[in-house]
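Structure 1 and structure 2, given next as structure tokens, are two forms of the same protein chain, each shown alone.
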Structure 1
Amino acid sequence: MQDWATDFDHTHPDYAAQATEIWDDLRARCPVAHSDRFGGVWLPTRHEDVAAIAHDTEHFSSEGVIVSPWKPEGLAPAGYAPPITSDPPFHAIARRLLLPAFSPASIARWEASARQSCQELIAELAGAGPVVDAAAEYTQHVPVRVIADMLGVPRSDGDKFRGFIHRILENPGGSVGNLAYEDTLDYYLRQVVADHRQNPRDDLIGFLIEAEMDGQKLTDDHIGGTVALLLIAGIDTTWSAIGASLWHLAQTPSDRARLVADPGLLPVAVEEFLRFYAPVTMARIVKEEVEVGGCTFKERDWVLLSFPSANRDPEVFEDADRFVIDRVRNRHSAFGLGIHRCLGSNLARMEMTVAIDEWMKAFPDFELADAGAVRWSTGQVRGPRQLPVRILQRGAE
């Protein structure tokens, strides 16, 4: 890649490592990048353009939300993972169906178990040396356990979840070698839905099995697609956001001290973590030719909606390139914009708040052990996958 403006690859490790610098550069001089990779893909970087596309369901379809060489076609309006892959009018119905399960009151019932999971994970680190991998040994496990509990599947399936996430989000279109069907997400979903039909229980999959749309029960494909959405979009995104938050705190003693001195600041800080380290870039497929930012998008082109770049646009945010832990005005787009704004935002906020709170109680002072060893995920969800930190102080000390 000679120029990110004309030949970018969002799945390349260099892009993952330098993403914020690349967005800033493109926003200043481009501001809509294009690549012939993946059959043609656009990358708008200004908040104005990202917001316009996110709200425009006439020219842009959510039929495909993960850029890969294989472009979905003929699946609208439901798509393969409703409601995130759904277009109007189906989208509104499929989304409305899930609202009760993700209301603030519904999510509140999971806070105690999430906190217990964080405490258990931290207890496992109690006997470790001064250096631990905060990503591999902590952040990656928090949403896995929460989502597994919500779905009524074993927490031990976490390794399977991570395999699905890697193949679908971090390496889209990559070779899967001799992957057996029994190891695919499709097989897993069919098995867990069938098991829930045979052994009914009170969890989210049970809720979907009993739910109706227009007086009809949901098909297994609809249920499986929605469960896939929760597994893929509900796990990687949150562990990435938690990991990026700890990465920031490991390098910023003043912000660590602020949170230790004033734990009540955490909810405000979480919003700034979400703005500054927004993990998710979503995709759309162009339905019909349209102009954006002076560029002509052709029918069936891919478009990447970089919400992280939009969150750093100085035209929208004061001191956009500076992390302000007590930022008051913060209408960030970390959870997306338009009709597809993240349904699980209450869940993500709860998990982030609990995970950071429990970590800071246990380890009020810590630092990066080796900045060069930090590895960021590739693809459309960005967060630390390796995060070695040195514990300088433990909560009991």
Structure 2
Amino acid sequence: MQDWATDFDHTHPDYAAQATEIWDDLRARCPVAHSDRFGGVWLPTRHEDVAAIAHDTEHFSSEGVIVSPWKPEGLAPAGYAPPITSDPPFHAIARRLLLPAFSPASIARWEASARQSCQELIAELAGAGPVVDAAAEYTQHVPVRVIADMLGVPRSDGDKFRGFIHRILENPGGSVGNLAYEDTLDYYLRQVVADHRQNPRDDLIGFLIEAEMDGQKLTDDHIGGTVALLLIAGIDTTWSAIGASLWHLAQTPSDRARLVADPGLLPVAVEEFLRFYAPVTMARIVKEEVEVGGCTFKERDWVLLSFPSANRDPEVFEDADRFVIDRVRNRHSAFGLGIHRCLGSNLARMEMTVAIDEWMKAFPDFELADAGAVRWSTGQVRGPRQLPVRILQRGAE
């Protein structure tokens, strides 16, 4: 038998299938696991250790945030995708540039169009059924269409983004092979930015064109890189969070009934979905030898920052292993902790709330059509990728 404490592989389907049991087991007996894979990687599971690492930018660098055999080197403090791969002091500059566009007030402006996108997707499903794939046919498309509206590109272009992102995520740092330049994200972004320069408008790309860093306007490369990061950080994450929420509801009639009876509970429920099904685990690279939970982390080791495991630590949460839809004390860290706190958290919350609300209005009653056909992603972003559900009741038009 493989022991997760000394030889885990977070990219393996077996790990994905039992992730929460693995964290609970490790937290109780180990609490910092290690594996020789990927050149050596640590997995702290207690909230206390995860929080300490996220706050300690002296010993831990964000130069590498996705554990893979390719370990970035010599790219700090900016990294290959600022601000997520940046360290202080550069990080604050790159982050501050984007914060105003993602503040609660700025995000509120996009709520109506997000709602409209969800309604469009549901209208496309209305004729289908009784079995639909809630992940492939609904949750997958929500963040793509919302970010298309925010950037100011046609919603139909949104579907191209997924192709671009998956190529990048599946082959980080790799070449584009024999792809024609016209089919790359790079080419696409150049066209879009040029079009915005010619026809200025009030959207996210318009904002970036006007923005200044150290008194200088941004180059097209910088704007393109930022848009690419927003696509990469904002799509699979939110898709996973909405999908996991619907997966939960499909299996929990009492929680479906609560939300139908009291839609005002949704913002509180969203926080519990985020705690219980936190989709994102980040990584760090050790800068300087340091001790965590009794283990010595060596320079250049990988460390997985399991916010999902921290969210189930009984030291911080009452009934940590129970989903409590109206949980009132919920200090979850699904959006990270410290200086890299998710820049898109206000957007992600808005998308989750709107997407679940519109789904529940259209399909107040539904269940898993085939539990065996549900497929979860592997790796650092966790959520259902196939989710066949049977619609049991449709809402009034």
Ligand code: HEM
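If you're wondering where the values come from, they're calculated on a predicted model, not measured in any experiment. Structure 1 provides the reference sequence; residues are numbered from 1 along it. Whichever C-alpha set is largest while still superposing within 1.5 Å between the two forms counts as the rigid core.
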Displayed copy of the chain that is the form predicted on its own = 1
ask   = F207: CA shift of at least 2 Å between structure 1 and structure 2 after core fit?
value = yes
ask   = Just checking, between structure 1 and structure 2 and with the core aligned, does P154 shift 2 Å or more at the CA?
value = yes
query = Does T226 count as moved between structure 1 and structure 2, where moved means a C-alpha shift of 2 angstroms or more after fitting the rigid core?
reply = yes
query = So, with the core fitted, how far does Q216 move at its Cα between structure 1 and structure 2, in angstrom?
reply = 2.8
note = Superposed on the core, the Cα displacement of Y188 between structure 1 and structure 2 in Å comes to 5.3
